[in-house]
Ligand code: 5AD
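Next comes just one chain, in structure tokens: the form predicted on its own.
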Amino acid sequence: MAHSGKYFIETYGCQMNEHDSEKMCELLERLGLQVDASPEQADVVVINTCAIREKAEHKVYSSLGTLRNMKRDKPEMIVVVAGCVAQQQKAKLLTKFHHLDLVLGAHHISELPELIEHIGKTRERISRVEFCNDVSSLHMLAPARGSSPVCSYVTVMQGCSNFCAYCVVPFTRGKEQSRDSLEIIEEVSELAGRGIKEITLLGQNVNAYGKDLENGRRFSQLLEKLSLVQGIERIRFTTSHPKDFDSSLAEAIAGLEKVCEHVHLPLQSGSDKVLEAMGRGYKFSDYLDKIQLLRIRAPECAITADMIVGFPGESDDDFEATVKALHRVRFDQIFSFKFSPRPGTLAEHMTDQVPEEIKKARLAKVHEIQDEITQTYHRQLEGSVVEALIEGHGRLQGQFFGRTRTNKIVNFSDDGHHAVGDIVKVTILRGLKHSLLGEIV
């Protein structure tokens, strides 16, 4: 393929997937391709997939169906499926979708340019999904291309070694691999030199960082070192696992000025019976101990979580335990989902599956409870002054948007004296359901 043309990337899933797509953008542009806003005009189309839930996987197949007709009209187009569905389905995708050219696993992102060139010359259809002991793309710098030019992701580790009964991540991302701290510091320093003010450290189990390294460095120690990088004003991280959350991390949140007061700590269920069946490695009382530790050391810290309803065997009493957990912990926000069996996981073959209509009703109940709690938190902020990093311009003309240190979206009018990247004080005028409305002090 000539080093010209256009590419299009469609991304499903989490922040880790978003950052992988940023890396693929960087690689394709090194190849000479330019991004296009739609797949119709693209010479290379990449679907970066998520397999965490069945709905996300179905979206991938729908997108591939749409691309079949496009490729019929433009046969030289190269179609790529990357990410978790690629890793999970492997070469079976090539058999099922005859217009698909490349199945690219998460460990082979760095090979994308060479594979694209090879396919362009030979029209060979390729599946590249083997796991590697050292993932090359893990060491790659790729600044954010999202809504804000001053915030960026930094992958500090990838993979997971926990094998929760419902989760495909260990099968699609492999075992936990941590990067060397000096390499991470170097990347963050370079991002700061490019004007990045806020970084979000990424890992499927980010607070397990360092457990697989010879020096045994802990995540809290990495936060300490990154706090010394000049130019970086804020540090966030996601996602944490409760069993790896310890006092050193709580102390880092409380004591390091640049570390934002927000922790995403997935609970998944309030029932000990369900947590054991999920293989989570803790009881609800253990989880509460972590919350108590955090609220004593960093009382301003916002806590968010993931919840799954309708896990196999979840009784009415088990679900009621989850309801009680919501009221007891009072999360700032949660991401809640109906259980869907994923291929290759232990939960796929569990008996006593919960009927779909019951799962749907339970999810609606969880949403109702949490929406009320979240809006209460937001209304309690009315009249207070918060610190916000201006991340970009809002949807309305003359409006900025940013986030508080506790990760709440706030929209406020442009006073004519500030720019994207500034940290400003904002008086909260209204607490809405999903965001805050304010004005610069």
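A quick note: this is a predicted structure, and the numbers were derived from the prediction, not measured. The first residue of the sequence shown is number 1, and the count goes up from there.
Just so you know, the form predicted together with the ligand exists too; it's not on screen, but the next bit is about it.
Interface residue remark: R405 is not counted as part of the site for the ligand in the predicted complex, having no heavy atom within 4.5 Å.
Using a 4.5 angstroms limit between non-hydrogen atoms, V103 is distant from the ligand in the predicted complex. Contact between Y166 and the ligand in the predicted complex is found at the 4.5 Å heavy atom cutoff. Within this chain, D286 is remote from the site of the ligand in the predicted complex, having no heavy atom within 4.5 Å. Heavy atoms within 4.5 Å of the ligand in the predicted complex map, among the stretches 332 to 340, 255 to 263, 83 to 91, 186 to 194, onto 332 to 340 alone. Between the ligand and the residues D306, E251, E224, D371, the one pair within 4.5 Å by heavy atoms in the predicted complex involves D306. With the partner removed from view, the residue among L33, V386, A42, I52 that has a non-hydrogen atom within 4.5 Å of the ligand in the predicted complex turns out to be I52.
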